[in-house]
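Before any questions on binding or motion, here is one chain by itself as structure tokens, the form predicted alone.
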């Protein structure tokens, strides 16, 4: 079969462009840690409120004993729960999301956080905030008539201010615990 030289050039150009794009994707995946989410964790969307991790009392910001910060949030019925959270700047934060009803998405402008929240799965994203300020969390997947009202806010404060606030709260909790213990002993 005879192939015209001009057609042969265009075939080589298109193959070269395809190889270039695949190379760029591979370089990003290997050297810049741009990868598809790999945390495949399931949850029963009908029983989120009964689960230990996503029970209403456990939503929001939680600090582990080793200092790791985890934010647990629920998306559903045209809202993110809780509506407002306070976080430290320049700190790695793990966000864990679940949906109680339909497919949602969350996007935080000026950060690397954007993910889909699929019913029946836990979405996990690690992010940090470069500077203090107010960061909106917006739903970026159309989820129904109330979609445009689906938002939440993260208030980011200086790391030193965050640590001072945590120390103050911890001291208040210790004082309350000591007072309860003393009243129980009497």
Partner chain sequence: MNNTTAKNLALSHMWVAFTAFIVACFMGQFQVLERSGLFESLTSISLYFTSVSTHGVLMAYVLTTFFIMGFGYYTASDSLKIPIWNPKLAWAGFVIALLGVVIAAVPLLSGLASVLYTFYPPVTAHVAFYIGVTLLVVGSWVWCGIMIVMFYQWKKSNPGKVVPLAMFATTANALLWLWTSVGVAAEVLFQLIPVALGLMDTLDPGLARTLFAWTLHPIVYFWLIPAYTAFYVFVPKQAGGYLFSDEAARMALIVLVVFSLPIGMHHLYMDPEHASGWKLLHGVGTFIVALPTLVTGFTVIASLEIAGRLRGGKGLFGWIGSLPWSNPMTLGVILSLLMLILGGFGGIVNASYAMNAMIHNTAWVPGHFHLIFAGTTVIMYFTIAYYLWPFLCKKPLVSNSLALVQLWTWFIGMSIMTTPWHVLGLLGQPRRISSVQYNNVLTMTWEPYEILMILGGLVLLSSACLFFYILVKTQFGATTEVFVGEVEYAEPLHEVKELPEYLNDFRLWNKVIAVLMFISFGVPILQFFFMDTYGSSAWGY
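We call the rigid core whatever largest set of C-alpha positions still superposes within 1.5 Å between the two forms. Positions refer to the first chain, counted from 1. All of these numbers come straight from a predicted model, not from anything done at the bench.
This next part talks about the form predicted together with its partner chain, which is not shown.
Looking at its partner chain in the predicted complex, residues 32, 55 and 173 place no heavy atom within 4.5 Å of it.
Mapping the unseen interface onto this chain, residue 160 falls outside it, with no heavy atom inside 4.5 Å of its partner chain in the predicted complex.
A residue is said to contact a partner when one of its heavy atoms sits within 4.5 Å of a partner heavy atom; residue 77 meets this definition for its partner chain in the predicted complex. Taking non-hydrogen atoms only, residue 149 approaches its partner chain to within 4.5 angstroms in the predicted complex.
Although the partner is absent here, residue 90 lies well away from its partner chain in the predicted complex, with no heavy atom inside 4.5 Å. Along 44 to 74, residues 44, 46 each place a heavy atom within 4.5 Å of its partner chain in the predicted complex. Shown in the overlay between the shown form and the other one, fitted on the rigid core, is a CA shift at residue 27 of 2 Å or greater.
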